[in-house]
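Starting off, we have a lone chain in the form predicted alone, written out as structure tokens.
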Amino acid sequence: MYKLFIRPLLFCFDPEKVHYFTFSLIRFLNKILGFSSLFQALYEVKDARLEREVFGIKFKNPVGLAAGFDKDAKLYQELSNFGFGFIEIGTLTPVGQEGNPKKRLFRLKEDNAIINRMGFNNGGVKEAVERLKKNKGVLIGGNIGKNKVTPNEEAVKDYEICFEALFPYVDYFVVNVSSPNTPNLRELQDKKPLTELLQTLQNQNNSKPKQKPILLKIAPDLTDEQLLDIIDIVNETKIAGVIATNTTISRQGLQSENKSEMGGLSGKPLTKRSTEVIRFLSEKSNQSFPIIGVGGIHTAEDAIQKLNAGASLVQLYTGFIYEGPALVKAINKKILENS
């Protein structure tokens, strides 16, 4: 029903406006008596065989919603009713910011893809914390970044502020240095600044009575040499794992007219490359740390490929938009078939 009727209607309108409209609609429907239970009945798959324990956290199933969809933690409770095992909010910055000028979100229908250059638009970490205080049992990841106006030399402070503010309210952290939409952000992926950033956060983490997992989200555009550096950094700083991958700046093989728009590309064109990165990290590290696989998951088979390549968990974003919430159920059912 989603792909036949709902998606064609939504795709007639500006994607960013549709995003906010959909948020309002989901929130409204969940307030109507019985609808949240209906969504759960339609999309949740409950089975003990789906449970995963990864970096010390027990997930009810391995399918999560990637960061960027619910940046400000406004809809995590309602989105969890679609069968997700966990929801990642953000990217959050210390101070709220508008992000890049509109228009900044583009559908590439012929490619089953999206280009975004949102630029970490969010209301700031303090506002998100107030919403997270109302959490009723949803497993939450907190994706953190730096403000656009913060120079890279001072970026560590921004991550520390977000880490401290979110610590009591999220189950794990994700350090985002791989978005292509904040000027010079990806320079923080270089070995020296990245090691310093992650070690600082890990030291902050170790000062707590009970630590929380810190993960690093990386770009799919890294070379093999850079990926080997990532493995070294993870092992040196002893962070919990890696999320592979963020959006790409590559435009190889695209068919859509608006393929040249600036920003990060997500969706089906990323399927192969993100899986390659997962397999490389898993094999070269001798599976020494967990990987969350994300990028181009549009079918249950796409998710299985990432799990087989070495991912412990998977996340959806663009596939969720193109395929609808039935994709979450399909993946979980396929995992059970293969178990």
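All of these numbers come straight from a predicted model, not from anything done at the bench. Numbering starts at 1 and runs along the sequence shown.
The following text describes the form predicted together with a small molecule, which does not appear among the structures shown.
In the model of the complex, the small molecule stays beyond 4.5 Å of every heavy atom belonging to G142. Interface residue remark: I114 is counted as part of the site for the small molecule in the model of the complex, having a heavy atom within 4.5 Å. Although the partner is absent from this view, G68 contacts the small molecule in the model of the complex, with a non-hydrogen atom inside 4.5 angstroms. Among heavy atoms of R107, none comes within 4.5 Å of the small molecule in the model of the complex. Only one of the listed residues (T93, S80, T182, S266) places a non-hydrogen atom within 4.5 angstroms of the small molecule in the model of the complex, and that residue is S266. With the small molecule omitted here, the record of contacts in the model of the complex names 243-251 of 243-251, 154-162, 128-136, 188-196, defined by a heavy atom within 4.5 Å. Site residues I87, K212 and F289 are none of them in contact with the small molecule in the model of the complex, judged by any heavy atom within 4.5 Å.
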